[in-house]
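What follows is one chain in structure tokens, specifically the form predicted on its own.
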């Protein structure tokens, strides 16, 4: 017996912010992110009959969204002649239906140059986060890195949703400027 119900009339109200924030951190283009979310909602509508109610509605939409993001990268990579991407479905509950990607030629490891670049990028991100105000850094980390819901952040930091969006906008702007100077 299904424990979760589906209600597409509430998708935009309940999930659009979360799906947008999830997507924008992966594609880094507002218009593309909006298109992917629109495709996700459309695919959800088309496959509503396949919703079994075993996962929450949000988890189900996220699994569709992740496939749409993978499709987006496949499309742009196929235009560049990139290697085929293999996907494995990871059914762990805390990953909300994560799709794991592996490049066929990578054999699961990074070469020394990529490892160095990843370390440098991580250091640059944390250096830039250190330059934010304490509240901006907390909001940025909770919203962008940890994917907390708006309501949870507002409750934890005792701020309003509109205040949150002002803070996150300022934090992202400052991070972008700092990363441009220190990383790019």
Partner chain sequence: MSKFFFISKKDAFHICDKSQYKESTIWEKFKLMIRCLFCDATRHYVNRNTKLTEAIKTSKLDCLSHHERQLLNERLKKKLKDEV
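Only the largest set of C-alpha atoms that superpose within 1.5 Å between the two forms is called the rigid core. Computed from a prediction, not measured in an experiment: that's the story for all the values here. Residue numbers count along the first chain shown, from 1.
Unshown form predicted together with its partner chain; subsequent notes refer to it.
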Position in contact with its partner chain when the complex is considered in the predicted bound form, options 67, 34, 58, 26, heavy atoms within 4.5 Å: 34
Though only this chain appears here, would residue 133 touch its partner chain in the predicted bound form if you measure heavy atom gaps against 4.5 Å? no
Residue-level question: is residue 63 within 4.5 Å of its partner chain in the predicted bound form, judged on heavy atoms? no
Does its partner chain come within 4.5 Å of any heavy atom of residue 52 in the predicted bound form? no
Although the partner isn't part of this model, could you tell me whether residue 159 comes within 4.5 Å of its partner chain in the predicted bound form, counting any heavy atom of the residue? no
Which residues in 125-160 have a heavy atom within 4.5 Å of its partner chain in the predicted bound form? 125, 126, 129, 140, 141, 143, 144, 145, 146, 148, 150, 156
Core-aligned C-alpha movement of residue 41 between this form and the one not shown reaching 2 Å: no
Would you tell me if residue 11 moves between this form and the one not shown by 2 Å or more at its C-alpha, with the rigid core held superposed? no
Is there a C-alpha shift of 2 Å or more at residue 20 between this form and the one not shown once the rigid core is superposed? no
Are residue 59 and residue 158 closer or farther apart at the Cα level in the predicted bound form than shown, by 3 Å or more? farther
Thinking of the 3 angstroms or more shift, are the C-alphas of residue 128 and residue 21 brought closer or pushed farther apart in the predicted bound form than in this view? closer
